[in-house]
Ligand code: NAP
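Before any questions on binding or motion, here is one chain by itself as structure tokens, the form predicted on its own.
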Amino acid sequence: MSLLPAPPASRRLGQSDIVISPLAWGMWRLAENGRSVSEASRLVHAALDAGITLLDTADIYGFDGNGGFGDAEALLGEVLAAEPALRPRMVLASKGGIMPPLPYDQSRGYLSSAIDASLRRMRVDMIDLHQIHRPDILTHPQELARTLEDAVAAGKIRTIGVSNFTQPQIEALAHFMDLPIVSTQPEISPLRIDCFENGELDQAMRLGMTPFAWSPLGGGRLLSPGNARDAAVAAELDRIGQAQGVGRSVAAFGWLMAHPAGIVPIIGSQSPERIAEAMQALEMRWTRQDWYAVLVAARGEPLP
């Protein structure tokens, strides 16, 4: 029985010359529970030491509805200020374009100031990948394109990505861009499979974008299934994972990474041990039969 290709040990970020790890570590919970700088540093070290080089944050990470906007970036900035040698080891990604209490704002004035604020909070000169967090319907894509490209020209950001954009929104922005959109960040998991059939990943392959998968464990539902469908997916992942000596979460990451679009799961764990464990997904090998067994369980019905 033939095996699908093994995931690479590293990959290019879209059409850029930046090399990234096949998994990323997300920091949306970095600033929770008053985490100290030393505790945050331990997590950053855990990711980098495991071989995860893409670290993903956002200016809104830490916001609880009333305060905390920018807290995750600021805490990372304290880690980098204390240990400047960590910065060259990472590909730093952040997101902007949401301004509480308003939902989304990518007007030139606001987005330019938001990029500057992210740089100050993280105490860095450049963000390797800046992603628009969610699309602002009230900003013309041509205005957004110029703002982002001006930030690249000024040396503030190195590459440009999007998050939670629809396919037409990506096409519209790409039309007005002279630089490539190197990444897209939708929700993808064995429980959120729309992108496998609705064209999202096909578009990513066509445009040369790296797809980053946020919430690759279905917001934790894969680890604690709450209905029959979730339990069926978990059972298939357990069956395949046990045969290869890995746990359910690692099998979920491996399942995503087996797709030819080069999906990069964003690991959300705040446990150094779980962060390191995730890299076991690189050792998994998938048959088409096993890969499709997970998909069929997620669909809840046979393939046509």
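Numbering starts at 1 and runs along the sequence shown. In this text, all values refer to a predicted model and were calculated from it rather than measured experimentally.
Keep in mind that the form predicted together with the ligand is not shown, yet the notes after this line are about it.
For the candidate set V246, A258, I266, L237, a heavy atom within 4.5 Å of the ligand in the model of the complex is found for exactly one residue, namely I266. None of N66, S36, Q242, S271 but one reaches within 4.5 angstroms of the ligand in the model of the complex through a heavy atom, and that residue is S271. Heavy atoms within 4.5 Å of the ligand in the model of the complex belong, among the stretches 141 to 149, 192 to 200, 210 to 218, 84 to 92, to residues of 210 to 218. The closest non-hydrogen atom of K156 lies beyond 4.5 Å of the ligand in the model of the complex. When contacts are judged by a 4.5 Å heavy atom cut-off, S163 counts as touching the ligand in the model of the complex. In the model of the complex, H45 stays away from the ligand, with no heavy atom inside 4.5 Å.
In the model of the complex, the ligand sits beyond 4.5 Å of every heavy atom of I52. Contacts of stretch 178 to 200 with the ligand in the model of the complex, defined by any heavy atom lying within 4.5 Å, are made by Q185 alone.
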